[in-house]
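For this one, two forms of the same chain are given in structure tokens, first as structure 1 and then as structure 2.
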Structure 1
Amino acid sequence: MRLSPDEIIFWEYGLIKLNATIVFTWALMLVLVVGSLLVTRKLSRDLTRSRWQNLLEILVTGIEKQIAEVGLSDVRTYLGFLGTLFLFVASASLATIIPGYEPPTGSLSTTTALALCVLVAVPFFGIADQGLGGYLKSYMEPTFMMLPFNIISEVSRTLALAVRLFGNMMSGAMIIAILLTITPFLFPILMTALGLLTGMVQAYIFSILAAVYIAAATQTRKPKPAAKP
């Protein structure tokens, strides 16, 4: 039983290896890019709209609502990043219905890369919102002695994001594989549906956690508006 798509090697030359994680990651990104271009090439403001545009509007509206509920005010600023995270993880799970496909989120390297994206995005949006000085100052509040602890917190939560997504995706895939091996003729459809549900839940959790971290970096420790006389 394979524990990770990293174990599937398509091409190898010396130390250079082309494994399933790399292939399926780039294939998935290509599908998302081409799909987005096709869906958005003929957008309409009329009452009559295509099914794809309706689906796109439902997705965008739903993601915007979730971002707003986290506490981020300027939703459109974070829509591109958080929406892309959600669509990538969700699509990686939905594509498991394709025979021979291995979700790249089942590899620790992929989940680490996604978590690093969040690690970079948090200070990026924090600096854009508060300025460099204001954001760096937040690491030393309420006292400068908190600086090392805040830095450790940034690193540890990034590691936790990567391990959480990897562990949940891998454990779900292993459980499904074991059950399908034991009862191959009784529960294949049910187990596949369970895997899709698990993947969608993980996509939602990962995106929401990223939004929470960004909200903490952009909205905490802001001075309260002065009370009106």
Structure 2
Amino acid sequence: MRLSPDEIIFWEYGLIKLNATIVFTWALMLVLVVGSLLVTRKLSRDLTRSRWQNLLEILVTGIEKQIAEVGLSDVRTYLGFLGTLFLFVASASLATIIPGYEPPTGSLSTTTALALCVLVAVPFFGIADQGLGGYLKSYMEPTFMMLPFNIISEVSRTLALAVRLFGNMMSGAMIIAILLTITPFLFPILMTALGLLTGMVQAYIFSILAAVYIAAATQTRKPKPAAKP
């Protein structure tokens, strides 16, 4: 019984090893980049546009709108990071309909890597927005007594991000694997459909939480935008 695609190792040389997680991540990256490259290569700036361009425009403007609803004002600064988080996690779970594929997000290594990126991105954007002093001061809000608790919360929420995504993705793949051995035909298909749904929900949750954390780090001193709960 293997819990992670990390355990499937294609090639190994000392510390360096090429496991299924990395390979499938590369495959996803290739598909995403080549796909967007093909579409954006002949981009139309007129009123008429191709269906693929339309799809990508809906995707990008949809992500933009979600980020804006969280309360981040300068959406385009965070679009690259948050949008890529969502697209990577969503495409990783969407690809589970391909037989033989193992989602890289089903590996705790990947989810940890993403959570670490969020952990670093939050102070990065916070400092870029408010300056170093302003950002560090936010750890002592409302009093300096809260400093340890704020640090603990920072670490624990990163851990939670990683484990939540891993657990969901891993369990989905696991349930399908187990069910395939028990009831080979109909039931695994239903569970795959359910897995697709939970994958999308997880992608949404992951990127929205990252957005909320960044918003919390950047918006502390700024007036809240109107009509954004």
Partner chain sequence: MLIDWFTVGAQVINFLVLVWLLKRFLYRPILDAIDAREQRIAAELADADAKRAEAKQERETFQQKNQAFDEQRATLLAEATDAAKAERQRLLDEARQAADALRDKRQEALRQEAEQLNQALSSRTQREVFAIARKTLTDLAGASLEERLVAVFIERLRTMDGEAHALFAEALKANSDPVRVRSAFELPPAQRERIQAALNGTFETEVSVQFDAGPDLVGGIELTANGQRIGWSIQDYLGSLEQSVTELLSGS
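Residue numbering: structure 1 sequence, from 1. Predicted, not measured: the structure shown is a model, and the values here were computed from it. Each form is matched to the other, and the largest set of C-alpha atoms that superpose within 1.5 Å is called the rigid core.
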item: Identity of the form predicted on its own, given as 1 or 2; value: 1
item: Displaced residue check between structure 1 and structure 2: V212, CA, 2 Å or over, core reference; value: no
item: Core-superposed C-alpha of P148 shifting 2 Å or more between structure 1 and structure 2; value: yes
item: Angstrom displacement of the CA atom of W11 between structure 1 and structure 2, core fixed; value: 2.7
